[in-house]
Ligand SMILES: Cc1cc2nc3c(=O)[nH]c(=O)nc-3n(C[C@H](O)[C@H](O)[C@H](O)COP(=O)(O)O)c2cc1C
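As a starting point, one isolated chain is supplied in structure tokens, in the form predicted alone.
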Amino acid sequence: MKNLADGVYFTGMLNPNMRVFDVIMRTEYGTSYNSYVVRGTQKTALIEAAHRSFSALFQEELAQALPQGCAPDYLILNHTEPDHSGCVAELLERFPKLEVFATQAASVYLKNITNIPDLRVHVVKDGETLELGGKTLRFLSAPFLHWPDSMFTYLEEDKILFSCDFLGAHYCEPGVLDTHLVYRKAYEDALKNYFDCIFGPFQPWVRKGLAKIAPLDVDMLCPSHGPVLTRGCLLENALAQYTLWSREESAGAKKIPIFYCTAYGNTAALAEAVRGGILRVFPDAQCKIYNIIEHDLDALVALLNGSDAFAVGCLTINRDAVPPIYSLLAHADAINMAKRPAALFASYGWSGEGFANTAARLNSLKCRVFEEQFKVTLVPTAADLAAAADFGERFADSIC
């Protein structure tokens, strides 16, 4: 337990050894499951809970923030992903009178997370307030930051914003406050990685979230992961970075990257030809070719997700596309990939199943797959390369 302000306590759990979060996100600096207790003169609120694996330790920490023999009156859940809500069922068993406050979407999810079908949840409205006695909590709807259930909670008297995952980071140092950080560069890396993985697909909603925060007078921001941010230290920087990373880019040269794998250089030759065809239509396009195995996957994923359209050279080995192709497409931004123009081409030897299998992945992402798939058997001829360039031109013509 750490005292953050008069009647406000940090009761979170530190997990410095975590290295992978939600299966796919690297967490080389660990993480924390932040929760907070706000004690008014009449009532006490617990804001956020913790991962189920920390349930016993969490309840011990919580007890230190409560007067002897007292129970919290309210549980405020800004978001119900299990890293926040995993121990809610145990909390309700220990404190049966605990009243849960959450959004409408959260109330549905909680019943499935706790397996309490008749769970009673006070569904909050945007702008609704809760009086604790000298402490006023105001709830602000913030959907898709990053689940439909998300909201912020603002403690008016102390100018503290409990922002849930927004502006957080998978980062763990024992000092809790940003003023106590020892490895600032590591934290900044974690902040960017967190944004890219968690909020990158929701940039329009990030802009709305920043707009919602802007009128508030915030001295301290308490996220659900990573250090507590304070005015005059790292709070302003985090807000500025989110503003930068989520900005709308002005229309300019089209971004049409070409990704491929090649065993003997044949698909690479086709990639060059396809690029030439695309540039006939869009001479100023950002259209470079990338052999997937020669580049950092994270950098390629950023190019893919930031593209206006893209092409994939998907050679076939042993009746399937090769793993690097699937690795790239597995990281595609499925939320924003719908209707993205995509084209497939490659050289193949025996049978060419890589085309159909890669097309199936693109179709599952709801990409607008160019109806013509350009195939060449083994070594392309001069005529094949000319046809590949024509294919690239037709693909470019199809891009709106």
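Note that the rigid core is defined as the largest set of C-alphas that superpose within 1.5 Å between two forms. Everything numeric here is computed off the predicted structure, so don't read it as measured data. All residue numbers are counted from 1 along the displayed sequence.
Quick note: we don't show the form predicted in complex with the ligand, though the next part is all about it.
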Proximity to the ligand in the predicted complex, single hit among 134, 265, 175, 127 (heavy atom within 4.5 Å):
265
Only one of 315, 161, 278, 271 gets a heavy atom within 4.5 Å of the ligand in the predicted complex. Which one?
315
What stretch, of 352-360, 57-65, 38-46, 23-31, brings heavy atoms to within 4.5 Å of the ligand in the predicted complex?
352-360
Are 255, 282 and 342 jointly within 4.5 Å of the ligand in the predicted complex, each by at least one heavy atom?
no
Considering non-hydrogen atoms and a 4.5 Å limit, does the ligand approach residue 191 in the predicted complex?
no
Report whether the minimum heavy atom distance between residue 319 and the ligand in the predicted complex is within 4.5 Å.
yes
Within a 4.5 Å heavy atom cut-off, is residue 287 in contact with the ligand in the predicted complex?
no
I'd like to check something about residue 386: if you look in the predicted complex, is any of its heavy atoms closer than or equal to 4.5 Å to a heavy atom of the ligand?
no
Is any part of 369-391 within 4.5 angstroms of the ligand in the predicted complex by a non-hydrogen atom, and which residues would that be?
378
Would you tell me if residue 316 moves between the shown form and the other one by 2 Å or more at its C-alpha, with the rigid core held superposed?
yes
Does the distance between the two CA positions of residue 376 reach 2 Å or more between the shown form and the other one, the core being superposed?
yes
Rigid core fit then residue 348 CA moved by 2 Å or more between the shown form and the other one
yes
